[in-house]
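The chain below stands alone and is given as structure tokens, in the form predicted alone.
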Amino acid sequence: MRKPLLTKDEKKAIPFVLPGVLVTALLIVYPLVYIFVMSFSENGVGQSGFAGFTNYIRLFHNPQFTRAVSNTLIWTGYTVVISFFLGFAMALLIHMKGIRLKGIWRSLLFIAWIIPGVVKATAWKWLFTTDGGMVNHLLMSLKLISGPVPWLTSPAWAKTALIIVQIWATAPYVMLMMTAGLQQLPADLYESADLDGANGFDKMLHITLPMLKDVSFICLLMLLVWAINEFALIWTMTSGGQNTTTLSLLIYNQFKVLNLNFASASAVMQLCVSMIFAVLYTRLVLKEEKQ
């Protein structure tokens, strides 16, 4: 006798699960399929015929796409690397013996991460104002600069300002994850290392870093995904001006002018990159759960 596909209890659960499945299909699956179809179509509404890889070939020959990819790589590289090491350094500092009120310090630092993106972008946009901004006022008061810095009105400084804000916003997440990892490390390993005469660098290199490998990998993956898909922060602070247009902003700008084929092809490319990191993250989490 064949085993039924669904048990009695599973059949009873269908009416409760079905609304969520339908909403997900309507809001996520259908738009994804539609964008994928448009990226291979000859016109914006996907009704004229199959265009093959023509849209993707045009995409790679478009200077706007090349510039956006370059900005995305610069933005991602700086924010991911600096955020990771800064967050790791903060975790080590808070985890040190003799540091009091560790919970309060972690909570204060973590506020930067939980603030909504538009709110922190608006606040930092005001702080980076060339005339009267608090950042310029503070730097001039400390005699570090002789005149106001055009933080958001110069291509070089605008990228720097955006990177600073992203680091400030994401480093606390790394700090929290690394702190949790450090608290799980067995103290007897460090005691044995002390008996063997190991110094702080040796313990960091041979004990701390290897045992935090999985946590570090998860942090790096999350930082990569957030950096690649970041939109609200960049749009609120510069709107993509001053050569700060990343791939996310390029897709939005192309949809806004109804260049749907170009935007759809760009969106598919960004989705593929994000999916690579998402799959790696999922596999790592499942591996940890099995262990």
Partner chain sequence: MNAQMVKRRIRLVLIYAVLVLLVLLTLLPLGWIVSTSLKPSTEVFANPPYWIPKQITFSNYTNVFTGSSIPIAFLNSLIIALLCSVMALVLGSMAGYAFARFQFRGKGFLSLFMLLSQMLPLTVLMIPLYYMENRVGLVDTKFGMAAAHLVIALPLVTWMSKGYFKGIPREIEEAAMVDGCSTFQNLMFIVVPLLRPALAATGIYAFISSWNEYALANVLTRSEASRTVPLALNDFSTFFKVNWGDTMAAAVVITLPIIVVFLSVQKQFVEGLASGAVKG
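Since this is a predicted model, take the numbers as computed values, not measurements. Numbering follows the first chain given and starts at 1. Definition used throughout: the rigid core is the maximal C-alpha set that superposes within 1.5 Å between two forms.
Unshown form predicted in complex with the partner chain; subsequent notes refer to it.
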68, 263, 59, 227 - the one with a heavy atom within 4.5 Å of the partner chain in the model of the complex: 263
Answer range among 125-133, 155-163, 190-198, 203-211 for contact with the partner chain, defined in the model of the complex as heavy atoms within 4.5 Å: 125-133
Partner proximity in the model of the complex: residue 98 to the partner chain, non-hydrogen atom cutoff 4.5 Å: yes
Close approach of residue 90 to the partner chain in the model of the complex, 4.5 Å, heavy atom: yes
Residue 32: touches the partner chain in the model of the complex, heavy atom cutoff 4.5 angstroms: yes
Residue 222: touches the partner chain in the model of the complex, heavy atom cutoff 4.5 angstroms: yes
Contact check for 15, 107 and 271 against the partner chain in the model of the complex, heavy atom at 4.5 Å: yes
Residues of 255-283 having any heavy atom within 4.5 Å of the partner chain in the model of the complex, listed in sequence order: 255, 256, 258, 260, 263, 267, 270, 271, 274, 275, 278, 279, 281, 282
C-alpha of residue 258 off by 2 Å or more between the shown form and the other one on rigid core: no
Rigid-core frame, C-alpha of residue 57, shift of 2 angstroms or more between the shown form and the other one: no
Core fit, then residue 25 C-alpha moves 2 Å or more between the shown form and the other one: yes
